[in-house]
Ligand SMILES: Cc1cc2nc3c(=O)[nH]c(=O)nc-3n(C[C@H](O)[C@H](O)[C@H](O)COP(=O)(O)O)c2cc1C
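Listed next as structure tokens is one chain, alone, in the form predicted on its own.
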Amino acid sequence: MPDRLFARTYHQQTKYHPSSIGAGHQIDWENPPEQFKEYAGAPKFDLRPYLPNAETETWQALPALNDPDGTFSLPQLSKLLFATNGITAVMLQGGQKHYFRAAPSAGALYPTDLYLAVRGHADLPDGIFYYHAREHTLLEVYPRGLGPEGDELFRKLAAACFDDRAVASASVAVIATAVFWRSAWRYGARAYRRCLLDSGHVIGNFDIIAPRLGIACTIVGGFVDSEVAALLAIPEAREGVLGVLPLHDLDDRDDINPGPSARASSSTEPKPEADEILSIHTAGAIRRKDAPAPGAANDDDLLPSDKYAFAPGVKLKPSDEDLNDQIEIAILRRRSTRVFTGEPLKLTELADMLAFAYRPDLRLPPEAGPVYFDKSLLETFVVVNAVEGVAPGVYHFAPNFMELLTVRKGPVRREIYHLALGQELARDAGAVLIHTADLDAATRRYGSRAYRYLHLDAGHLGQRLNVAAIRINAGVSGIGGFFDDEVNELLNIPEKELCVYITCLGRAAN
């Protein structure tokens, strides 16, 4: 089977259908997954003392962000990790503690783990560290002296990333992985989609918070999977590497000169695995022996293309409010809305949230623009249930022009309620955003690895919408479960287009 066909096969196999939604995967309620790894006897570096004591404390007022030698201080790393994947709330239910994080996760299962590669740090030894979110602590992955360190570590990491210049010149790099079982326990084979979306949420937080801490954060999606996994000492059958994020001082961003964010998967035909999740992840892997040349860099593809010839609709004009102001507080306060009131959103509120997610103004400085793998592959549709000044219906969002183009007029609450698996969130939201993609076009560019990029980028966009909604006191909730084919019917798009993610925006009842 050609590599790029694995993505199509997996997507077809994991679609939800009304006739079979309750069949198949059975949840083992007696065997829930662990959300945190333990490294017995590993040295610990406590990051808790460096957190703000309260929301009102200004983060920039804490100790100096950078060490004199140019590496990052523990206060800076503490805030960065906490605001991206840290524990922001604890709920006691049934005698058990339930932990909630800075980024949303389907079923609160949190498959995303973060590791740090460090060299030349004033307070940390060279090596690989696991971020233990519950303890807000860094744990050394290797016993001292047994793993790669310093320049050797970054030489190997950069080599695995095809000598990416941003990786090679970094002193700190974050590596994001997904532990498949944490989501598969509940969602079965479709869990790979959830893992990617959830990791995209975390990456979105990095993109939002890093500039606030004086950090330039780039994203590398092209790497030899097995080589990065070996550096982290993780079992590839249970955990996959999804992204490498080298960190630099924001003042040095013009000198970073990173390589392409995305690369195609290997061209050989991998042997299918019995495990569907492992099959799609392996199909999207890059292998050293037959790694393809990098595809065209996507620097010119900062915005999705306007490929649809829909009728003119509604121009969007954002307000003058700077959503970046106090945005870290919005991240810490973020919770998924459980119930919407059905009351309308203001048109400027919808415009503000879309503008924050897409940043179509190319005059903005680089640190204000999100860094995606290849956002040009995604399209965004907006189902309007209740937005002041906009007639109910289905619209296509053209970010280049900040305009909603008319796809279909008339109320569609009943249809969106059905295709969202009967979730009242979709019915009662003021607006429902649907991200779609042409999978054939994506896999022609990147092979089956495109499936990763599509969902990671959609999760990234979804997180920016999440944080923007909280920032303006609106409600928000993502939906990863839907009747796939019914989405295409609603949007009037061909079968080759796939629904990647749905985000509901509206007035929260709680």
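Quick caveat: nothing in here was measured; it's all calculated off a predicted structure. Numbering starts at 1 and follows the sequence shown.
Not pictured, yet referred to below: the form predicted together with the ligand.
Contact with the ligand, judged by heavy atoms within 4.5 Å in the predicted complex, is confined among 284-292, 331-339, 169-177, 382-390 to 331-339. Although the partner is absent here, Ser105 lies within 4.5 Å of the ligand in the predicted complex, judged by heavy atoms. Not displayed here, the ligand is approached by Leu425 to within 4.5 Å at the level of heavy atoms in the predicted complex. In the predicted complex, Arg101 approaches the ligand with a heavy atom inside 4.5 Å.
The ligand is not drawn, but in the predicted complex it has a heavy atom within 4.5 Å of Leu197. Only one of Leu47, Ile479, Ala42, Ile472 comes within 4.5 Å of the ligand in the predicted complex through a heavy atom, and that residue is Ile479.
The contact residue chosen from Phe82, Tyr372, Tyr110, Phe154 relative to the ligand in the predicted complex is Tyr110, the criterion being a non-hydrogen atom within 4.5 angstroms.
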